[in-house]
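Below you will find one chain, with nothing else, as structure tokens; this is the form predicted on its own, and questions on how it binds or moves follow later.
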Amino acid sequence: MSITGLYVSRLDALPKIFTELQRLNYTVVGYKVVNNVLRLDRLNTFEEVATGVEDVQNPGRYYLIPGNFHRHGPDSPKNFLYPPRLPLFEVSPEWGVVVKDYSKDLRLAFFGIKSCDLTSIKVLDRVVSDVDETYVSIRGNSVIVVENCTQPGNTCFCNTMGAGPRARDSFDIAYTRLGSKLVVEAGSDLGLKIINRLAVEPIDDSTYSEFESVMTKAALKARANFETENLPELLELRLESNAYKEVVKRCLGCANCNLVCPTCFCFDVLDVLRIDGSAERVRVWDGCLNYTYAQVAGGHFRPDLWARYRHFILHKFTYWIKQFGTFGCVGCGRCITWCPAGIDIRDSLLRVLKGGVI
């Protein structure tokens, strides 16, 4: 939660926040344009931050146009907190074992991520903090500067999932761009320390009214065509719905939805053998849409694609509630945008809830 309330500064406060994070020896991670896509990457200077672009997202489509507000690309904070390829240990030709220690490697500052991705970090905190020492090490050295989302995209439904578009807690600094103004608030002592270095003043009535109006409009746009009340129970009651079989007539089983999802945490462990006699054991992302995911020594417990897609849906919206007390979906819309077949998870849920007809 905010510990300062809302203050007003100017847009030139953003590079000052960036510089202050670097001064405190944080590696700043934010969105920059790479090959006409917003990529979450390490930033050396504030000039690398994506500006003057807007991402247009629709089912199966993504492109950038000139604009003054961007949302996100295929990457999420998970790429850094729970890396897609994580070396666990190495074995030398002489059978010596070296375990990788990540406890002091990274001091990350996520800069300008949106509330949906902040919520995804909170979800991962519940899921993996008790079982993943690497995650705990990296997460414990991280700082979050979140930008409230004033212009949700066509695939966004964070408000339905309680994940945005305004950040309410678990941030160090939250800011909102209103024309030439910057509304800021601190959520931690570190955030307060940084804001104290800026030229700020208490928010005035006019700016506050504008802020509330903008955030209200954004919240109305970032809604899906379903409600979450009793959703887990309703989905379980429709476990045998034919809607799943209808939806996957378009599904390629490529697991893109798993890979771009900011909360999917499934993995496989591989041994990489080298010609010099050494070896490396690595953890790599895996996903429940992959055919081999459910293939075990005794056979295959989910061979049909429709069953794998059903599991993906039920895990996000039903099982996760039972396991962790929260939904596994934050409404970021990545699984919709980056699905090559343009399958919209919002429509899939509605099909199931309405008996296969929409």
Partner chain sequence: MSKLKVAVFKFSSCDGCQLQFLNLEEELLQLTEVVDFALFYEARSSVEPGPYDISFVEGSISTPHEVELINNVRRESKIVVAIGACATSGGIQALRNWANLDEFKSYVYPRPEWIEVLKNAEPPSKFIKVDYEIRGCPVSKEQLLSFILQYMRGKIPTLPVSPLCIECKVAGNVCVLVVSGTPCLGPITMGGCGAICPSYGRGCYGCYGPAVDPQAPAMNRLFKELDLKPKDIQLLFKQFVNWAKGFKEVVEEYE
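Treat the numbers as computed from the prediction; the structure is a model and nothing was measured. Numbering follows the first chain given and starts at 1. For clarity, a rigid core is taken as the largest C-alpha set superposing within 1.5 Å between two forms.
There is another form of the same protein, the form predicted in complex with its partner chain; it is not shown, and what comes next is about it.
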property: Segment assignment from 79 to 87, 173 to 181, 158 to 166, 107 to 115: heavy atom within 4.5 Å of its partner chain in the model of the complex; result: 79 to 87
property: In the model of the complex, V37 touching its partner chain (heavy atom, 4.5 Å); result: yes
property: Partner contact for R308 in the model of the complex: its partner chain, 4.5 angstroms, heavy atom; result: yes
property: 4.5 angstroms heavy atom contact with its partner chain in the model of the complex for S137; result: no
property: Non-hydrogen atom contact G60 with its partner chain in the model of the complex at 4.5 angstroms; result: yes
property: The unique member of I203, V260, A186, A218 whose heavy atoms fall within 4.5 Å of its partner chain in the model of the complex; result: V260
property: Heavy atom within 4.5 Å of its partner chain in the model of the complex - residue from V98, L273, L237, A199; result: L273
property: Contacts with its partner chain in the model of the complex - residues in 322 to 341 whose heavy atoms fall within 4.5 Å; result: T337, W338, C339, P340, A341
property: Rigid core superposed: N196 CA moves 2 Å or more between this form and the one not shown; result: no
property: Did P93 shift 2 Å or more between this form and the one not shown, C-alpha, core superposed; result: yes
